[in-house]
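Single chain ahead, by itself, as structure tokens, in the form predicted on its own.
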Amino acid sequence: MILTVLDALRAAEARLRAVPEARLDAEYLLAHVLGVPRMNMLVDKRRELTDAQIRAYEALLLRRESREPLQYILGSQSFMGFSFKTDSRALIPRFDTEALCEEALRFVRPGDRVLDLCTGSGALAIAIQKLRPAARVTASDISPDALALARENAQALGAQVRFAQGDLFSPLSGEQFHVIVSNPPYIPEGLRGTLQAEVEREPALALFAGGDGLDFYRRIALEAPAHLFPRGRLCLEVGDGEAGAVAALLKDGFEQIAILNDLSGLPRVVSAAKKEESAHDGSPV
């Protein structure tokens, strides 16, 4: 049986009808099997597939039908112009998070110490180090699996990042930074089991944060001032509808609090400067 690119895409789109953006996913998966850029493949829709390619495509379609995230199947995701390895050990880097990265980059100067808290795949820490190569970047996470992936990404991209494993600031006792950036878990626990099927396949440790989704922000608001140099900057990604509440949590220890939108126009980043005399100031913990 002769099967062309066009035939394969039509059949795959029908199979993936329950998947968001079924046609687009079908195209990315087939381009991955063929080892060519997606647009190049679409130019040559009459190309015939080999038996081996048909079998390989079938295997990938089965994974996508089960709602495994496309980025896990393809094994990579672009972030800030860099390609990051992606798998089930860590949250998939999102384009929305580029707004957080860009805000942090505004404050990073040569020689600055930067901390990426809850680093996951390492996307923020690595992108910051690559784009501000004179910065001294540390990435921390409680998950040893996520840190293993982050280390692989740093090595693949040639990024000089120091890694620390532990719960929030616990492995960073006595250390201070000029910029702290974090995309912590922020989904309310009550939403577990109601999210898009693909999201539910990502690590729960990186998603859920108590009854209202603000548990990690409360801890960061209390603990971050001791780990920031005077006038140091804290930049946080927040979930939908959380920006105002997170900004309010920072009012005690921070000033110049700003809420910034992502590329979709939604409030996604809360940025603030440590007060010169913070109520939580003192020796680093």
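So that there is no doubt, residue numbering starts at 1 and follows the sequence shown. Keep in mind that what you see is a predicted model, and the values were worked out from it rather than measured.
If you look for the form predicted in complex with a small molecule, you will not find it shown, but the lines that follow are about it.
Tell me, out of 105, 80, 187, 159, which residue has a non-hydrogen atom within 4.5 angstroms of the small molecule in the predicted bound form.
Residue within 4.5 Å of the partner: 187.
If the cut-off is 4.5 angstroms on heavy atoms, which of these, 149, 172, 73, 207, is the one near the small molecule in the predicted bound form?
Of 149, 172, 73, 207, the residue with a heavy atom within 4.5 Å of the small molecule in the predicted bound form is 207.
When you measure heavy atoms, are 91, 199 and 237 every one within 4.5 angstroms of the small molecule in the predicted bound form?
The answer is yes: all three residues contact the partner (heavy atom, 4.5 Å cut-off).
Please run the contact check for residue 183 against the small molecule in the predicted bound form: heavy atoms, 4.5 angstroms, yes or no?
Residue-level check for residue 183: yes, a contact with the small molecule.
Pick from 138 to 146, 124 to 132, 164 to 172, 91 to 99: which stretch has non-hydrogen atoms within 4.5 Å of the small molecule in the predicted bound form?
Stretch with heavy atoms near the partner: 91 to 99.
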